[in-house]
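One chain follows as C-alpha cells, the form predicted on its own.
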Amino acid sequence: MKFIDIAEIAARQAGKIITESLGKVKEISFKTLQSNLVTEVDKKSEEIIIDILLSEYPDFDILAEESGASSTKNSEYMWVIDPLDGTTNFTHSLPIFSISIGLLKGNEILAGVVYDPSRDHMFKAETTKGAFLNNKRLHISKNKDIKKSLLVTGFPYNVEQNPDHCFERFIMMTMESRAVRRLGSAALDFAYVAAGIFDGFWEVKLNPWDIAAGLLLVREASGKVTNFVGEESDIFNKQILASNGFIHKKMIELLAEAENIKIAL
C-alpha cells in the first residue's frame, strides 16, 4: 500500500473517534503549567493511528505528540503524528481541529495528510506530486499585496511569557494586512495557505508534529516555507513562515520590524 493511502486510512479512522467524542470529553489533563491540554481522545486517536501505520510498515519509526518517540528502530523512515491538533477547540466543542500525519525519509518529507473530520476535508500531498483537498488539486493564492492579504497565526501555550515577540508580531501584521485570524490548529493553517484561503501563516513555537504534513502541503501547492529570516525551514525549526510566495519578503520585513514595537503587558 502507498504511504499516502495508509496515512489517509489512519487519519479517517482516528477522525471517527474524535467526532464521536465531540462534546463528551470526561478527562482533561495538562502537559505543563502553561495549560497544554490533553484528553483521553488525543491518546486514543494516537493509538489508532500508530496501530494502523505499524500494521503496514512495522519497521518504521514513530514521532508522535503524546507518546514522543514511541519506537526507535533506527529506520530511515519516520511517521510524524499529531493525533488531535486543536485540543483546546475540541474540548470546548469548537469544530476547528485536525489530524496530521507526515512521513519523513531522513530530512525529506515524502507524504503528508491533514484531516479535518468535522468537514470531511482530507488534505494530502506527496513530494513532486502536488497537494489536494478531497482529490481536487490545490494552488496557493495569487495575491501580491500585503494590504489585501488574509493572514493566520497561532500563539504558544506559554504565551504569557511572550516568546519571540508573538504579541508584537500579531499587532504589526494586523495593522499591515486586511485581517489576521487565529484558528487554533497549525496543521489547518498550513492547509488553508495551500488551498489559497490564507495568503500567509506564521507562528513562533511549533513542534515537528505540527509542521510535517502542512509544510509539504504548502510546498506542493507552489507556496513557500522558511524561518523568519527567509532561510529554508524543516520540521525541527520552531519559527515557521508559510505563504503564497508573493508576500513572503514583505512578511519577513514586518516580522523583523515588529521587534521594535513596545507594548505594555
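Predicted model, so just to flag it, every value in this text is computed and none were measured. Quick note: we count residues from 1 along the sequence shown, nothing fancier.
The discussion below concerns the form predicted in complex with a small molecule, not included here.
- In the model of the complex, the small molecule lies within 4.5 Å of some heavy atom of R182.
- Using a 4.5 angstroms threshold between heavy atoms, L103 stays clear of the small molecule in the model of the complex.
- Contact annotation: P156 falls within 4.5 Å of the small molecule in the model of the complex, judged by heavy atom distances.
- In the model of the complex, no heavy atom of V225 sits within 4.5 Å of the small molecule.
- This chain is displayed alone, yet in the model of the complex one of A131, V193, A186, A111 has a heavy atom within 4.5 Å of the small molecule; that residue is A186.
- Among the residues L151, A125, L84, I140, the one placing a heavy atom within 4.5 Å of the small molecule in the model of the complex is L84.
- Only one segment in the set 225 to 233, 200 to 208, 56 to 64, 43 to 51 has residues whose heavy atoms sit within 4.5 Å of the small molecule in the model of the complex; it is 200 to 208.
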